[in-house]
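The form predicted alone is given below as one chain in structure tokens.
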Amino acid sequence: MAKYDVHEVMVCRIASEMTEEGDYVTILGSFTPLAYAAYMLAKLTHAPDAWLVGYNAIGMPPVELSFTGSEAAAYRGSLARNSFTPNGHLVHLGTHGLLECVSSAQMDGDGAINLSAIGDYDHPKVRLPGGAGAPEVVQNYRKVVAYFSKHDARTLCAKVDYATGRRTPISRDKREALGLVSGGPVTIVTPLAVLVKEDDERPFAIESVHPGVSVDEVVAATGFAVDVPADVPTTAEPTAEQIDLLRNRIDPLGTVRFDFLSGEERLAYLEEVLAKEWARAEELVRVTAPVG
């Protein structure tokens, strides 16, 4: 087994959620590098024919993640292009969404997400960026997958300070009775474990713990009650092929690291990545320039 980092365990687990399901599509939503890497990994391995939409490029191919080249690469290899509003009608309101990961500041035991404010909404300690399309995603997509760079009681909390959105109801039979899209549980992926909730009347359950993590650590780090099955498996480790694809083809610049950095750290790292991209572009110009 090749040596791996925990974020690669998370990427591979999320990638397993992207499947080939008719005309349901996976969307590159707000800036979530770890999820982007997972989608590309799925396209390059077990789900080559799954529909992927990014930057309004429909049927985009897997691309290398970068800040200056990903968008152009997505359009160049796509089957069609659209604009934001028609895509919103087609996917969100047309209920053709399969998967679009959310990564909120808080999530509670009911599955509510908070992307709005920490503290009192009118006088917050921190004003967050807002939900954008996240409320529609968690309610109208077949699968709900949330990932977090930290697993602690501040993030997975007893009650969110503000509910930007939630999937309601969660139980498959209740959703089908109301004519709502169903297709899977609410899934949480963190650096410690995978949690799932598929019944409104039951808490999240521990689906698996990552290699080297104990069930007790997960329970202690979670701010709401969790069900602990009699046998909790270990999350699958990345294969050598998956690690090679992630490090050398999908994300050689390491954009996934942004999910694990503070705001100040992100600025410095952004400059570092952009410098690498600029240097690579200059080298490409040099080697392709006409001789003479």
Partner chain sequence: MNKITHLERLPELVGDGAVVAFGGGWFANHPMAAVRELVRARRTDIHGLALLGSVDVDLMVGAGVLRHLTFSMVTLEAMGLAQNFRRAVQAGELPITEIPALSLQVALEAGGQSVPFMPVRGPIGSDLVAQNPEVFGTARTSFGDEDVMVVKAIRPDVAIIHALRCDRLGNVQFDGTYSQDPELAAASDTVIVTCEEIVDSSEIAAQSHLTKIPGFLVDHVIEAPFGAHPCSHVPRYAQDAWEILEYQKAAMAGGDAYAAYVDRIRGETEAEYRERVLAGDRGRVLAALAEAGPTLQEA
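Residue numbers count along the first chain shown, from 1. Take the two forms, find the largest set of C-alpha atoms that superpose within 1.5 Å, and that set is the rigid core. Bear in mind that the values here come from a model prediction, so they are computed numbers and not experimental data.
Keep in mind that the form predicted together with the partner chain is missing from the display, and what follows is about it.
Among R127, R202, K174, K150, the residue placing a heavy atom within 4.5 Å of the partner chain in the predicted complex is R127. For the marked spot (R154, T190 and E198), a heavy atom within 4.5 Å of the partner chain in the predicted complex is absent from each of the three residues. The partner chain in the predicted complex is approached by R249, whose closest heavy atom lies within 4.5 angstroms of it. Taking the partner from elsewhere, T85 is found to have a heavy atom lying within 4.5 Å of the partner chain in the predicted complex. Interface membership of T45, defined by any non-hydrogen atom within 4.5 Å of the partner chain in the predicted complex, is ruled out.
Residue contact check for A132: one or more of its heavy atoms lie within 4.5 Å of the partner chain in the predicted complex. Residues within 4.5 angstroms of the partner chain in the predicted complex, judged by any non-hydrogen atom, belong to 119-127 and to none of the other stretches in 190-198, 142-150, 214-222, 119-127.
Along 200-236, not one residue places a heavy atom within 4.5 Å of the partner chain in the predicted complex. With the core superposed, L284 shows a C-alpha displacement of at least 2 Å between the shown form and the other one.
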